[in-house]
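For reference, the chain that follows is the form predicted alone, supplied as structure tokens.
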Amino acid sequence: MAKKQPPDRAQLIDAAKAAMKNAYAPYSKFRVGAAVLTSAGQIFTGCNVENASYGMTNCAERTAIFSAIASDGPKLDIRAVAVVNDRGVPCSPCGACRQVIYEFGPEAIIFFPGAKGWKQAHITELLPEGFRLK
């Protein structure tokens, strides 16, 4: 039996694009999708979900991570995250998302649109002083 190959960057980005279509962004009109690759080779997706009480809005990255935990439990091990938006503008994870990614993936690679095309960064490049209480 052939070993299943892990999804590549393009598959992760495609999954994020598909999730972005479900975004609920009536206030900002800025739709975001994310896909998380786990160490088990599974992909979980999420989109941003806004709320009239703006502080209650949830980012696509955290939605994907929370979905993974709800499905498979708290021992989540993130290997990679892809983030996309419907405007094609630079869009790396926000600070809160960076900390949540680090909590479950201190070795994660993040793919996101930059000013000159796709960028790839290790989570510690985006969050150099991330912390875990484990």
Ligand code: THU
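What you see is a predicted model, and the numbers here were worked out from it, not measured in a lab. Just count from 1 along the sequence shown to find any residue number.
Separately, the form predicted together with the ligand exists; it is not shown, and the next lines address it.
- Residues T38, S67 and L76 are none of them found to lie within 4.5 Å of the ligand in the predicted bound form, as judged by heavy atom distances.
- The ligand in the predicted bound form is approached by N48, whose closest heavy atom lies within 4.5 angstroms of it.
- At the 4.5 Å threshold, heavy atoms of C94 reach the ligand in the predicted bound form.
- The ligand in the predicted bound form comes within 4.5 Å of no heavy atom belonging to V81.
- Remark: S71 does not count among the residues lining the ligand in the predicted bound form, judged by a heavy atom distance of 4.5 Å or less.
- A single residue from the set C59, I109, I43, V100 has any heavy atom within 4.5 angstroms of the ligand in the predicted bound form; that residue is C59.
- Residues from 22 to 51 that approach the ligand in the predicted bound form with a non-hydrogen atom closer than or equal to 4.5 Å are S28, F30, V32, N48, E50, in the order they occur in the chain.
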